[in-house]
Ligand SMILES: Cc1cc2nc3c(=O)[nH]c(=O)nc-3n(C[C@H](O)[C@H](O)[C@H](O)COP(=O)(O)OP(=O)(O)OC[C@H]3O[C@@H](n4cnc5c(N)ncnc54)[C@H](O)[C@@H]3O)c2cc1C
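Okay, so here's just one chain, in structure tokens, the form predicted on its own.
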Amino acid sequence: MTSLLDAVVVGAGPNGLTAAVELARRGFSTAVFEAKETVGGGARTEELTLPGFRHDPCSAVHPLGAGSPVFRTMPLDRYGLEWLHPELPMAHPWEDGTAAVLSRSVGETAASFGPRDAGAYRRLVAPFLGRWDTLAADFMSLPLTALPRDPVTLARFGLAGLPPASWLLRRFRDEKARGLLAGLVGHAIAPLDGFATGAVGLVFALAAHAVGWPVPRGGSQAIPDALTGYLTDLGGTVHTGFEVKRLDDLPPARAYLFDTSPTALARIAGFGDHYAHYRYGASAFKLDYALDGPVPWTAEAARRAGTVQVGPTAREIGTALRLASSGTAPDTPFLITAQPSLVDPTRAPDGKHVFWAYGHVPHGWRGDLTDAVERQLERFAPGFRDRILARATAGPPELAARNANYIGGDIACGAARGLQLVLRPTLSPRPYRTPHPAVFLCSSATPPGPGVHGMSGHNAAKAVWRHLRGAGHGGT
């Protein structure tokens, strides 16, 4: 490769591939370099346990992917991406066999909370119903890379979401609503009393009503595979098995984008301690199961849901999140679980199932949470252990080994706490830029943060094409 490229992307995760697609479809010559032998980043699918059982080592369920403003502009269905929707997006069971649910229907969701909180939930979400497209585009472009499309709705969302989630929970009187919403916030792996954590719970709830919480047919790998197919047809190239240790390892280009951690970027580009202030957060402890049958949830709703949150109370969830973030592994972990084979029979042999669960543990923790996780599952699905054919475990060291962006097992590529939840990796209106004018960061360490939605890549690509056009280097 001797000609000067417009852009080189390091890292073939969803953000890196999205950035490459965005540049390629605007006429810029683009190449992607990935250290692993396959593309995917945090969206991979592998046989981790037994032959024929296809697991997602990290992300599995994709409300923000199905609702992504940038993915929805791409013809990814032509490249094999098909969203499959479970009967219920999410269930939050209780030990008495009942459950709160997050349904596509606001009414069904509100009814599951009970009469004292149904109206409060309707009032919470009412201002945003039917406005997902503009709200998501505005929210996921913060700091704003363009003028808000719907500033009034964005402002209302900010008023509801910028305070701590603990404030949001005060709107509700009973435990079912409080527990489910606390669990939604827990997807950010941050304590409930943090700045803007209410926005995390609210955006996940709104996504369920607008686009659902689907899984890709065949597994999460379908997302980066579709992006790669589209990029290739646009004339871009992807090179796997190519580890980048310094900028000189890469071919000459007018701009470089890194779908990496800030730590890796600083090392590769020679930025010294520029990102030394950046903090990494608590980790996940992940288990993937091959099961002899479906999970025997006591709650009927949980048997129909693609995702099941295991808490159950806001107090228990808050305690587990606080302990993990302060350096102690919880004895009673809050669990996020997914059961994709309920709607995708390609994921396991006939009559068998794959099941995915993780709890939160401290950054870099080296213990084993397996027994605590399974005790928690047995509370809500007695007999679960009897269904296990095989399990694969991944604590912080294993997660970091699988994905270099997961420093200390932090799957969010940076602590989702304080201002760093929304202003990352630096307190700057131009977070994608770096000390080098031609080097940009596009990973989930940049806004809008973690999730398989490609918007960090999209936002960074905007900064790059402005840089390239400003320098008179073409594009459309």
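When you see a residue number, it is the position in the sequence shown, counting from 1. These numbers were taken from a predicted model, which means no experiment stands behind them.
Note that the form predicted in complex with the named molecule isn't included here; everything after this is about it.
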{"property": "Candidate site K36, G41 and I411: all three near the named molecule in the predicted bound form by heavy atom within 4.5 Å", "result": "yes"}
{"property": "Segment assignment from 176-184, 375-383, 342-350, 243-251: heavy atom within 4.5 Å of the named molecule in the predicted bound form", "result": "243-251"}
{"property": "Listed residue (C58, V439, A415, I407) with a non-hydrogen atom within 4.5 angstroms of the named molecule in the predicted bound form", "result": "C58"}
{"property": "Option touching the named molecule, based on a heavy atom within 4.5 Å in the predicted bound form, out of T228, S103, S112, N403", "result": "N403"}
{"property": "The named molecule contact at H360 in the predicted bound form, heavy atom, 4.5 Å", "result": "no"}
{"property": "W356, heavy atom within 4.5 angstroms of the named molecule in the predicted bound form", "result": "yes"}
{"property": "Distance check, S444 to the named molecule in the predicted bound form, heavy atom within 4.5 Å", "result": "yes"}
{"property": "Partner contact for K286 in the predicted bound form: the named molecule, 4.5 angstroms, heavy atom", "result": "yes"}
{"property": "Residues within stretch 4-27 having a non-hydrogen atom within 4.5 Å of the named molecule in the predicted bound form", "result": "V10, G11, A12, G13, P14, N15, G16"}
